[in-house]
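The data below hold one chain only, encoded as structure tokens and taken in the form predicted on its own.
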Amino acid sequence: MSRSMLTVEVTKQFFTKNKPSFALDLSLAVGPGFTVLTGPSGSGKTTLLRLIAGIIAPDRGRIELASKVLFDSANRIDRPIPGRHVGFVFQNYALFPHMTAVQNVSYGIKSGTRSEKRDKASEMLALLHVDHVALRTPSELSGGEQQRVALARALASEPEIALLDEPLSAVDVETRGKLLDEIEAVQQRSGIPFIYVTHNEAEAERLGQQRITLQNGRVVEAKVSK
């Protein structure tokens, strides 16, 4: 398997008041570049990202990234979140409100001295054109600035895959276009797979080198752009 290949074959049953409420049962493969994940609300898109990241565990199945097994129910493997090397940009950004931008980014860097982590965090903020907000807290940032800081934090740990859950849903149209340029540039520079969840058809068409559509917890379409 190539360095940039992810394979997922999992099932997960959810319950509400002890009654089955939603079931996810899917098999997919994600190659290098962008994979756009689409489908109606409640189809399982965010759940899939959380399974890959290790936030929740499948009932059964296997998740493998390159040569590393993240989850395998048959062999009782469930790699902890820090060991998965997954970068996650949440829909609400999930920045720590009491930390500055540079502290938020530094938090994701696992190796190096405090000074080295801060220098690397500053480099990531500069890469995404928000080094001027390094000492501001999230409440002092615009939506676009928060998105850039969240992306910098996700990539600062040098992940093997990046998961972006509707990262531009809270920003205006003009800012969205600029951020898409930057996200594309960061992906090309990093060379890792990006799984990008969106309900926006224009974003899907622009980024979708590979496109996977979910419905009711299952893959109903998977296609690769020529």
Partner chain sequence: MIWDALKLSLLVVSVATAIVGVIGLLFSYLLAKTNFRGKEFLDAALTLPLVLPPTVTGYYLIVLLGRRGLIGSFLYDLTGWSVAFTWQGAVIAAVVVSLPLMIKASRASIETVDPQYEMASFTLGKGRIATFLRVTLPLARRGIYAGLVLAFARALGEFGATLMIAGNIPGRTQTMPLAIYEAVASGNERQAQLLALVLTGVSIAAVYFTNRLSHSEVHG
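Residue numbers count along the first chain shown, from 1. Every value quoted in this text rests on a predicted model; they were computed, and no experiment measured them.
This protein has a second form, the form predicted together with the partner chain, left out of what is shown; the following refers to that one.
Screening 65 to 73, 29 to 37, 172 to 180, 49 to 57 for residues having heavy atoms within 4.5 Å of the partner chain in the predicted bound form returns a single hit, 49 to 57. Checked against the partner chain in the predicted bound form, the candidates Ser43, Thr198, Gln187, Ser157 yield a single residue with a heavy atom inside 4.5 Å, and that residue is Ser157.
Under a 4.5 angstroms non-hydrogen atom cutoff, the partner chain in the predicted bound form lacks Ile77 among its neighbouring residues. Contact check for Gly108: a non-hydrogen atom falls within 4.5 Å of the partner chain in the predicted bound form. Under a 4.5 angstroms non-hydrogen atom cutoff, the partner chain in the predicted bound form lacks Ala126 among its neighbouring residues. In the predicted bound form, the partner chain lies within 4.5 Å of some heavy atom of Val86. Residues Ala94, Leu95, Phe96, Pro97, His98, Met99, Tyr107, Gly108 of 93 to 108 are found to place at least one heavy atom within 4.5 Å of the partner chain in the predicted bound form.
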